[in-house]
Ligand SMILES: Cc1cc2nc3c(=O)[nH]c(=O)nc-3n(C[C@H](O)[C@H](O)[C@H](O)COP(=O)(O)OP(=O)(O)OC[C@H]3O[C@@H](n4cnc5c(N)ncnc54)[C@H](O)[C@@H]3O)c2cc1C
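Next up is one chain by itself, shown in C-alpha cells, the form predicted on its own.
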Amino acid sequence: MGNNLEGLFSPHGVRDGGRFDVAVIGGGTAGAFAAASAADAGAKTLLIEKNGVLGGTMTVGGVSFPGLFFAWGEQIIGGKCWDLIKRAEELGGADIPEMIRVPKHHFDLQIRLNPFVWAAALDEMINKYGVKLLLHTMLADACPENGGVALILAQKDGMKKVRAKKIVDCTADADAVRMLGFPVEKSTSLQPATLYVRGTKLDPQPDLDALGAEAEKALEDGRLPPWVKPRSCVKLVKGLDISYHVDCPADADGSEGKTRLEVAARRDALKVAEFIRAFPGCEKFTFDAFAPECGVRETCRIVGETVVTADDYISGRVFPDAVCNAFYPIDRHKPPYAIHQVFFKEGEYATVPYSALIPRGSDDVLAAGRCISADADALSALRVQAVCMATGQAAGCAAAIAAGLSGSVREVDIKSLRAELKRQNAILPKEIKE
C-alpha cells in the first residue's frame, strides 16, 4: 500500500477504525478460533469477515463435517474448537460418532454439524471473549506501519483504517500475506473445488436404474459436465446432498478467478437440473438448497520459516516447535475423481510446527488455516477443518504473546506458547506435552 489513500474515496476519506493488539482477517474455520484464542490470551482483538456469517466453508460452503479430532481412539485436537463442538451438540446441532480406534473408513469419524447452530455458536464464542467483530467487511490493502500493520477495510459505509500490532491471515488465500509482499507459492495444477447442492425428493420415484444409465450416456455425449458422477443424478432425485467437482482456475485466489469458479459451478448444476427434468417422471425436479460458495481446496500457501513436506507429515515427525496435531490422510484430489491418498501407519499421526505459520521473514504476521506452509501433498491433509481450527488457536495465542511483548512473531518462546495453549485446553503433541 504505497499510495496515500486518505481522502480519495469519499468526502469523509478513510476513517479511523481504531487500534488493536491483534487483527484476524477471515472468520472461517481457522479465523474464529484465532480471534477467540488471542482475546482469551489478553489481546485486544479484531475479527474481520467478508460474509454476513462466521464459519467459512462450514457455513457458506456447505462442508459442515469437521475432522479429524481423534486418532487411533485418542483425542488429539482440543481446546476452543472442541468446546464449541460440544456446545453445538448441546444445542442439538452436532452428531458426534463413536470414536473407535480403527474405523472402516477414516471419514466415518467426521462430525456432522448443523450450519445454523454452528454459526450461532461461533457468535456466542466471539462475544464471550470480547472480540470486536466486523462482518460484511473486506480487506482492501495492508502495509507495515509503526512496528505493526495498517489495514484498509472496505465496508458498506466506506473505507476504514485500523492498526494492529500483529495480524493473523486466515483468509485461506493468504490475502494479507500477499499484500504485505511476503512470498507465497502455488501448485501448477490445483485441486478441484466443490459445490454442494440438495435435490428435491420426487414422489413417486422415477426409474432409478434407467436414470443412471441415461446419465452414463449423457456423460459420453457431453450433455452432462465431465465432473458429474452418474449416481449423483440418482441421489438428487432421492432428495439427498451431492458435491461435485469444478475445475479451480489458477487465479482463484483473486476476485476475477473466484467469480469464474462460482459461475461455472452453478452453470454445471443447472445443466444437471435440466438433464434430470427432461427424464420421464422428473419434470418437477429442482434444487431445494445449495451452498452460496464453492468449497475451495487449494490456492496460495505461504512460504514459511518451515515448509512441512509430505514425508514430514505422514511419517509422524515431531517438530521441535510443534503446536498441534493432525491425523487426516494425505488426500490430494485430481480430475475427474481420482484421489491420491496416503494413510498413517497404525499408532502414528502428524504434528504441525509453529514456524509453518510464520511467513518467511515476518515480524508481525502469522497465517493459519489452509494457507500454512507445506508442500502440495502435505497441504492436502493439513487443509481439513479440525487442523485449521487447531492452527488458528496456535496462531491466535502466538500473536497475543508477541503483541504483549512488542516483539517479533519469530521470537515467541515456544514454551510460553505451549503453556498458553495448554491453559486454553488445547491438546499438545504428546512428546512435548508437559
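The first residue of the sequence shown is number 1, and the count goes up from there. Model, not experiment: these values are computed from the prediction.
Note that the form predicted in complex with the named molecule isn't included here; everything after this is about it.
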- Message: Counting heavy atoms only and using a 4.5 Å cut-off, do I77, G316 and A322 all touch the named molecule in the predicted complex?
- Response: no
Of T351, T194, S362, S232, the only residue with a heavy atom within 4.5 Å of the named molecule in the predicted complex is T194
From I126, V296, V237, I242: within 4.5 Å of the named molecule in the predicted complex by heavy atoms is V296
Report whether the minimum heavy atom distance between K50 and the named molecule in the predicted complex is within 4.5 Å. yes
According to a 4.5 angstroms non-hydrogen atom cut-off, is V63 in contact with the named molecule in the predicted complex? yes
* Interface membership of M99, the named molecule in the predicted complex, 4.5 Å heavy atom rule -> no
Residue contact check: T29 to the named molecule in the predicted complex, 4.5 Å heavy atom: yes
Near the named molecule in the predicted complex, with a heavy atom at 4.5 Å or closer, the residues from 108 to 142 are Q110, T137, M138, L139
